[in-house]
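Single chain ahead, written as structure tokens, the form predicted on its own.
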Amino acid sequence: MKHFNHITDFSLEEIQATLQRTRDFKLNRTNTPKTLEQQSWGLLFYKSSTRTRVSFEVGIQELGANAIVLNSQNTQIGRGESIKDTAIVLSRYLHGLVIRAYDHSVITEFAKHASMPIVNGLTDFNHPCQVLTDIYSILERIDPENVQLSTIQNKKITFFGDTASNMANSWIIAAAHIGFDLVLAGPKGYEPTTQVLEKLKAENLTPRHTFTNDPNEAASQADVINTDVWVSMGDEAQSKERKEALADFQVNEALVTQANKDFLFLHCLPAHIGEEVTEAVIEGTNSIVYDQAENRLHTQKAILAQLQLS
């Protein structure tokens, strides 16, 4: 039994197989193999969701399983029952559990005690399903017939804004694990944290990222420009401070002129137009944000199918 709580939980061979299966699922959605037939999978949400909930719920059903949506406030977890007890009991009922939480320790604790696969649907530390989706979306646009990991290894991937965020962490871990160079651009105080560096060290991975305070330097000849919201759920109290600090790292028309002409723009959505990105960029011809959103469904189905083989 294997969990998927970091992209490093899959070997490079497993990631490649998952990418290929993602393509197959997308091309043959109406004929999806019932990999999870007669199973029941839970979706446990501590944090509200649109794309994560719908894509996982639909994907689980298309793989032949029942999807059971749980809200932490409507379970005994919300009344103080331990994660250990919950993980053990739910493992007697379910065949797997997707969790979307604030604190990453929630995922870690579930995985420690569960006897079923635990899938990280997002935590404040990382979002592995999203970054694997993003990698697939890049590869698909470069060569729809041949989604090979090696293709991304000679591309300049960039991330703008809060580079201590869960999506930045996800890209940092992916770059070190897969072996591509990543450039992060953000203001002082929003650089990568020691927590993600400790994660790389624990996995014996060599960092493949650089950090700069110069957005134009980061954008220069970029193949992929990526950003995320400046004020995540839970950070609302720092909204004014964060917007002021990150203002110079907006992805706008002037910035993207520094990138390669055929650059791809990524954003995992929802976006705050006029803050981290302008409307002209996110709605422009280089934007693949809606492909990204769709590909969550296919990639997550492929992740669940890969877990069945582990």
Ligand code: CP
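Only a predicted model underlies this, so the values are computations on that prediction, with no experimental measurement involved. Note that residue numbering follows the sequence shown and begins at 1.
The following text describes the form predicted together with this ligand, which does not appear among the structures shown.
Asker: Identify whether this ligand in the model of the complex is within 4.5 Å of every residue in the set 26, 28 and 295, based on non-hydrogen atoms.
Answerer: No.
Asker: So which of 245, 269, 58, 70 reaches within 4.5 angstroms of this ligand in the model of the complex, heavy atom to heavy atom?
Answerer: It is 269 that has a heavy atom within 4.5 Å of the partner.
Asker: Quick one: of 104, 199, 208, 127, which gets a non-hydrogen atom within 4.5 angstroms of this ligand in the model of the complex?
Answerer: Filtering the options by heavy-atom distance leaves 127.
Asker: Is it the case that residue 177, even though its partner is missing from this view, gets within 4.5 Å of this ligand in the model of the complex, heavy atoms only?
Answerer: No, no contact at 4.5 Å.
Asker: Hey, in the model of the complex, is residue 49 touching this ligand, heavy atoms inside 4.5 Å?
Answerer: Residue 49: yes, in contact with this ligand in the model of the complex.
Asker: Heavy atoms within 4.5 Å of this ligand in the model of the complex: which of the stretches 278-286, 245-253, 36-44, 261-269 has them?
Answerer: Stretch with heavy atoms near the partner: 261-269.
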